[in-house]
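Before any questions on how it binds or moves, here is one chain, the form predicted alone, in structure tokens.
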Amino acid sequence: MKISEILNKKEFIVSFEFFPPKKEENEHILFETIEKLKPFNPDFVSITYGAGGSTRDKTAYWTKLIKKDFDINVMMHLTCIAATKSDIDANLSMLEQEGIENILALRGDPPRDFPEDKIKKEFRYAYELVSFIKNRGDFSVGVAGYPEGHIESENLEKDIEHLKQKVDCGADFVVTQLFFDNTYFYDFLDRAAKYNINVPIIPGIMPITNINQVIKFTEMCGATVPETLIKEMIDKSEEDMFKIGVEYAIKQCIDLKKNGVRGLHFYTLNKSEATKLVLEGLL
């Protein structure tokens, strides 16, 4: 089912993001994670696409597998950097053949150590991919939003202009990058409204379970971890960090729900326990 149709029918949705295991011996972990989270009846799950399509085959494999074996609505990430129109068309044909109607359209990052002058120029930005997909087939297309601005953006205004461009090209909904301070998300909604971005915006949530890992990750994507939370978690045991992080995420999600968000999209990191506890804490 198209995510755009689900959003038209439901006031609040829940979704999960997974990534394709790089090693076959780790595939059972993702199987187990999906099994443990399926009872929460996600409205959809998404499967990530590696830099420059580095996990393209595995992304397609897991997208098809989850739809077939787990009977869960699925959205495949699709990146366009270093891709040709024929590459994208082949992916779209595969999705049509498998009856998969949902795509998260992303620019993506170039393959590591890939020379800039060798990157194909058919797609430079995500809005071009959105336009291509919408003109090519009958898909529900989501795009990424950045509450604190994309790490490469000049400023927040330019960042929201880029989002507006993606929506004007046909994006049906927005899934945000993770954030840990809801103020950034509410400010993002205000900027979106100012630019007449009227599609549903779904906040991305990742419970913190290891502070050092999260600080490293957020340095790459530009998200801010509140100093008070860092101080509370520093020098704590793994068990205590996990507990603090889950409790913080529960409070964060309760506040978001009170303020009328359209749903919650959980970045699971292929683990179930933290997301499971957060959802149970919202009941």
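Each residue number is its position in the shown sequence, starting from 1. Because the structure is predicted, anything quoted here is derived from the model rather than measured.
Missing here is the form predicted together with a small molecule; even so, the following discussion is about that form.
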item: Segment assignment from 95 to 103, 156 to 164, 82 to 90, 183 to 191: heavy atom within 4.5 Å of the small molecule in the predicted complex; value: 156 to 164
item: Option touching the small molecule, based on a heavy atom within 4.5 Å in the predicted complex, out of Thr33, Thr48, Gln252, Thr218; value: Thr48
item: Heavy atom of each of Tyr127, Thr176 and Tyr267 within 4.5 Å of the small molecule in the predicted complex; value: yes
item: Contact label in the predicted complex: Tyr146 to the small molecule, heavy atom within 4.5 Å; value: yes
item: The small molecule contact at Asp71 in the predicted complex, heavy atom, 4.5 Å; value: no
item: In the predicted complex, Asp109 touching the small molecule (heavy atom, 4.5 Å); value: yes
item: Glu152 within 4.5 Å of the small molecule in the predicted complex, heavy atoms; value: yes
